[in-house]
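Just the one chain here, the form predicted alone, laid out as structure tokens.
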């Protein structure tokens, strides 16, 4: 039996390895996906009046139509967009947020306070009216956000802050409708009406208005891809998320009240 020499067998292997390296040089590496920080551990709620305000702020955050009903025009709660009372990474958490205000707002075109940012949510996402800056509801929400921000550093964002953006894609509403029926309708309903006090509507009179951030497909896609479907988060592709967001965007939403544009 003839045995091949090591020299003869090593040359083809080396060539294959070299070609693989050269081929890899022409492929742009994909940026790593952010790693979510561990579960958030909240500080103890203090006693006394400060603790009462924090608890009221959490109640408002989790059931806004009930505890801030004078300022809400739909079925949305703060926790519908800021999941689990504003503590989930890459679901627009409130953690370490307070010390980053005042801040410049691209949408408003000027520097805004944390109170004004909360007022934006009421006038857009909750299709209501802004609670006064010195109202009981506003003071409670500020106390709650401050409590979630204990230990934060000015100018430094929480590791899971905001949403993870997806690549700029073209959404297809027809495909999105089919994906919605399969992935979203079991919870939010085939007509997008949601379940009152449990799951938010995706369109219609009980939904956010057309001035809300979620009405922009790139922002909704960034929310969907990391957080939905709630029972299997992370299973949507970027194209799936854009298609669903584009379909939901094509459905009717209440009109934003231009009187609140400055918030």
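Residue numbers count along the first chain shown, from 1. What you see is a predicted model; the values in this text were computed from it and never measured.
Below: the form predicted together with heme C (HEC), not depicted.
- None of 166, 143, 184, 89 but one reaches within 4.5 angstroms of heme C (HEC) in the predicted complex through a heavy atom, and that residue is 184.
- Interface residue among 102, 173, 162, 152, judged by heavy atoms within 4.5 Å of heme C (HEC) in the predicted complex: 162.
- Within this chain, residue 58 is remote from the site of heme C (HEC) in the predicted complex, having no heavy atom within 4.5 Å.
- Contact annotation for residue 47: none of its heavy atoms lies within 4.5 Å of heme C (HEC) in the predicted complex.
- When heme C (HEC) is considered in the predicted complex, residue 230 lines it closely, a heavy atom lying within 4.5 Å.
- Among heavy atoms of residue 211, none comes within 4.5 Å of heme C (HEC) in the predicted complex.
- Shown without its partner, the chain has 183, 184, 187, 188, 198, 199, 200, 201, 202 in segment 172-203 as residues with a non-hydrogen atom within 4.5 angstroms of heme C (HEC) in the predicted complex.
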